[in-house]
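Single chain ahead, written as structure tokens, the form predicted alone.
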């Protein structure tokens, strides 16, 4: 029998499974889908803004002690988990880094806004807006959902030197309707990398750094990035596009390869919707099939299904909310009128997004009296209460920190 089943294949679930497997546990992941990495920028946001404010955070490490006592970060050693993640990505051949030891990076968004992030893949680092070099934002004519002129204009409005240019689509592919993933696959080809580099050399000016849509290879990304920098003689940086996210897919694939190396089985299309408990212990969970539900048995279980936006917490028009797998107690107010503030874009966010599953200091879900609901259940990631990771710009940071912590506690129990 397995030692641990992790429910959810997002960043928190994969880091929890990786941590437990490294500790010697026999681990499997069951999940309805692939998590949110395919929709993310591929960066690691630790803390970009203080909760309930719009005050930017320059140093997440310095800001951690200022968070509310029940914030998920207060339950674990988040900086140590982030360091473990950085070491893991280096070992996977997809290195992540930050500006320096204690400061957020500020990188251009797909609209040219400045976005705070703690760690970024190497291919995005040269976009740091603290750097002085002017930027050449290059689009691919005919590419959907990337607008270099808009990006450059908005960067100039923020007092950054930037201009826009285009290269022909035919440099990369003969297809006239390609999304970002298809273009990235095309740029796995060394010949196409060289063709793109030649076009960039025609338009880049001395001293400029080149910002490109995040399409610089998928399976052969390191080579594509190195080739373009070497051939152009300029610093290159990727700007994330609208989903699907090529940097997110790269990270997902790298982590999946590492899990496979550790012997962790990942089963997707397994929508876990039921369970059976023997007293205070969960015996198995069930996933839906066309016939009888499929039972998944293990000694221990770890919930990493996400929150309201991830589908781990469900609601209906009557105001009822419930945790989707184990029907765990939630901190969400029972009155639907208390879920939202009057203004849609209220700077303090909406209370419902801070609701979720409360856990103790070893990440076991607890009831209203603080007692563990089940002796062999842990939880991590977006399903946890007392944080609004999207408002705080802490989504990936919370996923990594709590995933590593919950994986450690589950493997040691």
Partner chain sequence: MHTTSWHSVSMTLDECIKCNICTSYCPVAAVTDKFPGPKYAGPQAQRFRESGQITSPDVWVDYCSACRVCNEVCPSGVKIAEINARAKAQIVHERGIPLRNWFFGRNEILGRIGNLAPQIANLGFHNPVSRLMAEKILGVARHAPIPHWSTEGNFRAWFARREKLRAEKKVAYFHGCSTNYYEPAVGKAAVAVLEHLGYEVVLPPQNCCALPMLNNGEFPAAEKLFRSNLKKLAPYVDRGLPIVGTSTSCVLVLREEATEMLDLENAQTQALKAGMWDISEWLRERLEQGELPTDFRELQMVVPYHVSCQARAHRMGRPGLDVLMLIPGLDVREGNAKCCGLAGTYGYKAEKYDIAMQVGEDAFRFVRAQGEGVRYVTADSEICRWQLEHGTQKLGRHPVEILAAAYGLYDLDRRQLLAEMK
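These numbers come from a predicted model, not from an experiment. Positions refer to the first chain, counted from 1.
What follows is about the form predicted together with the partner chain, which we do not show.
With the partner left out here, the partner chain still marks one of 299-307, 265-273, 147-155, 160-168 in the predicted complex; by a 4.5 Å heavy atom cut-off that stretch is 265-273.
For a residue to qualify, one of its non-hydrogen atoms must sit within 4.5 Å of the partner chain in the predicted complex; none of 103, 340 and 351 qualifies. With the partner removed from view, the residue among 243, 95, 319, 222 that has a non-hydrogen atom within 4.5 Å of the partner chain in the predicted complex turns out to be 243.
The contact residue chosen from 176, 83, 261, 202 relative to the partner chain in the predicted complex is 176, the criterion being a non-hydrogen atom within 4.5 angstroms. Using a 4.5 angstroms limit between non-hydrogen atoms, residue 182 touches the partner chain in the predicted complex.
In the predicted complex, the partner chain sits within 4.5 Å of a heavy atom belonging to residue 294. Proximity of residue 288 to the partner chain in the predicted complex: non-hydrogen atoms within 4.5 Å are present.
Using a 4.5 Å cutoff between non-hydrogen atoms, residue 38 counts as a contact of the partner chain in the predicted complex.
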